[in-house]
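In structure tokens, one chain follows: the form predicted on its own.
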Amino acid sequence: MSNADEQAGPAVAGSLAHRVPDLGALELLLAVARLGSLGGAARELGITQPAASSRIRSMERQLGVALVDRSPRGSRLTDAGALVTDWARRIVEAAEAFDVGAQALRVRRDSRLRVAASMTIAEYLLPGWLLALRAQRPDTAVSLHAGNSTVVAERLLSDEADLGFVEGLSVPAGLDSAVIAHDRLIVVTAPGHAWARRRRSLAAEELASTPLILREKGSGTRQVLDAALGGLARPLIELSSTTAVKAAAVSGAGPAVLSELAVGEELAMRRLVPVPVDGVALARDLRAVWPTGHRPTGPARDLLSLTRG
């Protein structure tokens, strides 16, 4: 053994958590010092006197020194107890500062909600859910980023969103999910298009081979359609929002495939006409998503509950 090792003395084994008394024991010691009574300290902290005595004895064994002299006239700190009490006060004050900071973080978390949603959900479902959330949490500031399912996943995984909503066939990697609704895609076109006058349903092969007005790659709508048809022709027009696709179809630019949530008014007003398709399943699940292992809390949890109402 080197001279330096001899001067340092024997190493203390175990982690700091095993060598330092817990916060409750330190609070008890401070109360004994302030009140001069173990019984009074026990009452202040809401524990029994036997439990308080046991905690002091346990702390003394842990530290290897006597901390409190007990007598019929009360409890008095030993010299070592007075010194330990000074150190304990600093630890408790640091813990109180930690608690205040943690509360501030919770308040900040609960005062904002960052949502990322794919276009159909963002445009046609989220407004109603957010109005209901505002009634529950009027002080929560909500920000919404609308994009395709790929963008939603990216924002969640980079901690730029607290809760997401997607429309694709599968859950993006790294995310957990819950199905919140079901949707169906339908083929639509303007009344003047040849498909609007068809007497027979459209065959899947013809739909797959026809250039369509489509959302961009990465969108849930396009993923579902591509999978259902086993491939798509090169798009007639590629647009980045459901509203833009719908407007292009209404203008007569060509046929499109859209969520039935998005075209109710246009179908009722005959600005768009549905085109039946044989042998193609275009149903899909709408999902809430969040990072794996991090179940939504605070406003995100409340919004998730509202989607299932």
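Throughout, we count residues from 1 along the sequence that is shown. Everything quoted here is computed from the prediction, not taken from an experiment.
Separately, the form predicted together with the DNA exists; it is not shown, and the next lines address it.
Distance criterion of 4.5 Å from any heavy atom to the DNA in the model of the complex singles out Ser75 from the list Ser75, Thr189, Asn148, Gln223. The partner is not drawn, yet in the model of the complex one stretch among 245-253, 30-38, 260-268, 274-282 has residues with heavy atoms inside 4.5 Å of the DNA: 30-38. Residue contact with the DNA in the model of the complex: Gly64 places no heavy atom within 4.5 Å of it. For Ser240, no non-hydrogen atom is located within 4.5 Å of the DNA in the model of the complex, even though that partner is not displayed.
Applying a 4.5 Å heavy atom cutoff to the DNA in the model of the complex picks out Ser37, Leu38, Gly39, Arg43, Gly46, Ile47, Thr48, Gln49 from 27-49, in order along the sequence.
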